[in-house]
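Let's start with one chain on its own, the form predicted on its own, as structure tokens.
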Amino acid sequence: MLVYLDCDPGIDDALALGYLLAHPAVDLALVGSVSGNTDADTAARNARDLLELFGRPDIPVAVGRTDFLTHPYAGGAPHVHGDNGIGGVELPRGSAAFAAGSAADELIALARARPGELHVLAIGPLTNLAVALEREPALAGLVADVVIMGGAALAPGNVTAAAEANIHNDPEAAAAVFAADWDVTIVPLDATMFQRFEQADLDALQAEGPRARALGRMLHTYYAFYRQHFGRPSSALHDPLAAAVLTGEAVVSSAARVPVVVDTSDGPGRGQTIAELRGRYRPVAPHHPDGVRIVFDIAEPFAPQLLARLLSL
């Protein structure tokens, strides 16, 4: 499976990157950075340093846009991910050069070189994907599918009452990505907030080698943030769950393919993903072939699979 990863590392991005590298069926061809949890330049450095840590400095990293489509980057989420995006952990600097082109341009080049083969995993704001679609109108037809960590269909948001962070950061980009003629799956808060790492998972990482221990040190910051939500040290598995939906290792037990509209207003609903879910009351919910597939639930807890992958790095 040929994969392009668009990310904003980000502690859960680091887990997702480790998961992809540990999965034997994944050929991670390119990583693009985007502003979100931190700015795009810092995110690119974090991605490069993580690839060095995981023994894969050969995978190119392309720097994406710092600002969003209609407004500037405003500082990220240091209260969630730490001042450097990865929980304050200082990794040895990777020595590989960044890709020559921007994340959007490198994505386009890869899709053109391998038409129909490329799977796109976007676990940050969707700015790069929207820019790539604008620059190459044929891009949607060159990509096999797109899996996105983002949105909240029936669940509350995590930055406002209505909106999830990745969509809220650049709702105009999300609207463009959802409207394009490609196969889109979103893994929203409805699913990710119920897949969690607990203290035992952190202990297991800290008992292993330097790669797992580095992830464990990052998770201390993430656990401290999520304690206010879950009442105990633990964390939601947002980005790695989306990665596992892409690979098929996380088996989807409940989903719907429906039209989705993104609120791009400046009102209190900005960034909300409004899904046409009224048909779910019927015995057999209607299927909209041109809609967005929304994942609501996973058949089995994902944490054991993720932990096993990370311990194998």
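Don't overthink the numbering: it's just position in the shown sequence, from 1. Here the structure is a predicted model, which means the values were calculated and not measured.
Same protein, other form: the form predicted together with beta-D-ribofuranose (BDR), not shown, and the subject of what follows.
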Tell me, which of A214, L189, V184, A176 has a heavy atom within 4.5 angstroms of beta-D-ribofuranose (BDR) in the predicted complex? L189
Sort through S102, Q195, N158, T221 and report the residue having a heavy atom within 4.5 Å of beta-D-ribofuranose (BDR) in the predicted complex. N158
Contact of T127 with beta-D-ribofuranose (BDR) in the predicted complex (heavy atom, 4.5 Å): no
Is T273 part of the interface with beta-D-ribofuranose (BDR) in the predicted complex - any heavy atom within 4.5 Å? no
Report whether the minimum heavy atom distance between D239 and beta-D-ribofuranose (BDR) in the predicted complex is within 4.5 Å. yes
Touches beta-D-ribofuranose (BDR) in the predicted complex: N37 (any heavy atom, 4.5 Å): yes
Could you tell me which of 106 to 114, 159 to 167, 196 to 204, 227 to 235 sits within 4.5 Å of beta-D-ribofuranose (BDR) in the predicted complex, going by non-hydrogen atoms? 159 to 167
Going by heavy atoms, what in 4 to 22 lies within 4.5 angstroms of beta-D-ribofuranose (BDR) in the predicted complex? D8, D12, D13
